[in-house]
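First, one chain by itself in structure tokens, the form predicted alone.
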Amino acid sequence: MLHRLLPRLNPINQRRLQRFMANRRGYWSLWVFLVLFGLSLFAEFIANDKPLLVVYDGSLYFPVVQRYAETDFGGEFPLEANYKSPYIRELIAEKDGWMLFPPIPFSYDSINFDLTVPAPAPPSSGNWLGTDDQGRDVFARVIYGFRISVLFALTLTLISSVIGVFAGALQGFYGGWVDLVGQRILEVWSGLPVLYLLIILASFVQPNFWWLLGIMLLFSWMSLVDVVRAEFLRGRNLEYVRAARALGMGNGAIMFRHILPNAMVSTITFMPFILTSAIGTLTSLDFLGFGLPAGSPSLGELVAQGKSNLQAPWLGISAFMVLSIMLTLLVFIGEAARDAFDPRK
């Protein structure tokens, strides 16, 4: 697929893409990561305690995307149907119906009440990676946790990159007092103990996805400021910038049409590493209990369970493998992107 993009790119980007593909480790890491992330986006169709399809009395029902009450299947109460209940199964079977469940018949918050041993239960044919100390399927929680970690990190990386690039561009292009004041603010702000402040701020509010995103955004935007500032300090005195200014082009157009494309080279190479840092910070907060709300599918919470239940090694091993594979793939992708955009090559 990437080879089909080559004819549509300019010669410089063609060489960059060719260098990226030449790094086999980064190239295949990108594909593996995209496949895993793509599968996690459809987690509800892979791991869910609701069936994908119900055939009842000649009609088709799709509980995975729509809520149905017991009364829709001949039951007595207008409550959401529990499809694992023998009562609902019997009602559906009476009308020659049947149900098609996902490969993993548990959601991230589903409790397996049919365990034959106390929770946390070891891996079995019913729970491929075992259960946690609350009887929830570990494999389902890993899939949902992987998705929310990547989505959180991607959102944080994109927003913080926009803010960091804009701040660095202003400092580097205008210089003088703008740069001086901006650097002093950065020095003070970057000297704050970030993790402790995140814990303190998270303890004031009920944490959720967007609260954590906003709190972490207060500090994550600084990572790109110095890189972009240096590129703009170097580029503002180049000949083509002087020529554009002599022709009457405004500062905004010069910044974002002429200097920014060159500054984006170094920015793009840093973004995968910002992504891994965001995942690590979210995992740390969840591990300490200051992250996502209780019960959310969280890799950090799974690490904490592994620490608290040393007699259940599958918990710690599952969390370690998922985090190590995810972060290793992102680091390999970042290395390949760094080599591809390296101007010395």
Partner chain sequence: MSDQALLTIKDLTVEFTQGQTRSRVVHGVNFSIRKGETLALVGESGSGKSVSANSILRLLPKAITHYPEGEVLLDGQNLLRADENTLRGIRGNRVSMVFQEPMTSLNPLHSVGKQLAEVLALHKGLKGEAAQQRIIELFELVGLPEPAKRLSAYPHEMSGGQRQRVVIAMALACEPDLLIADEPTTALDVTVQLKILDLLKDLQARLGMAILLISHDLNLVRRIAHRVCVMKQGEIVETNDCEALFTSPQHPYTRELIEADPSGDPASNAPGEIILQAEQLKVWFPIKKGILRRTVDHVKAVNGISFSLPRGHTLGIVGESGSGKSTLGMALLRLINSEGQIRLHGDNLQGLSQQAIRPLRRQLQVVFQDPYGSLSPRMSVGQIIGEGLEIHGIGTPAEREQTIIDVLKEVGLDPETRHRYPHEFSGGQRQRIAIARALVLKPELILLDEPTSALDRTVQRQVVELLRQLQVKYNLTYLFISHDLAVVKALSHQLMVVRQGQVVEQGEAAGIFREPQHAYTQQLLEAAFIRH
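Residue numbers count along the first chain shown, from 1. Just so it is clear, the structure is predicted and the values come from calculations on it, not from any experiment.
Keep in mind that the form predicted in complex with its partner chain is missing from the display, and what follows is about it.
The single option of Asn262, Gln183, Ser124, Thr155 touching its partner chain in the model of the complex, heavy atom within 4.5 Å | If I apply the 4.5 Å criterion carefully, the residue I get is Asn262.
Among Phe113, Tyr196, Trp210, Tyr240, which has at least one heavy atom within 4.5 Å of its partner chain in the model of the complex?
-> After the contact test, the surviving option is Tyr240.
Segment that reaches its partner chain in the model of the complex - one of 166-174, 183-191, 84-92, 246-254, heavy atoms within 4.5 Å | Result for this chain: 246-254.
At the 4.5 Å heavy atom threshold, is Arg25 in contact with its partner chain in the model of the complex?
-> Answer no; every heavy atom of Arg25 is more than 4.5 Å from its partner chain in the model of the complex.
Taking 4.5 angstroms as the cut-off for heavy atoms, does Ile12 touch its partner chain in the model of the complex?
-> Flag for Ile12 set to yes.
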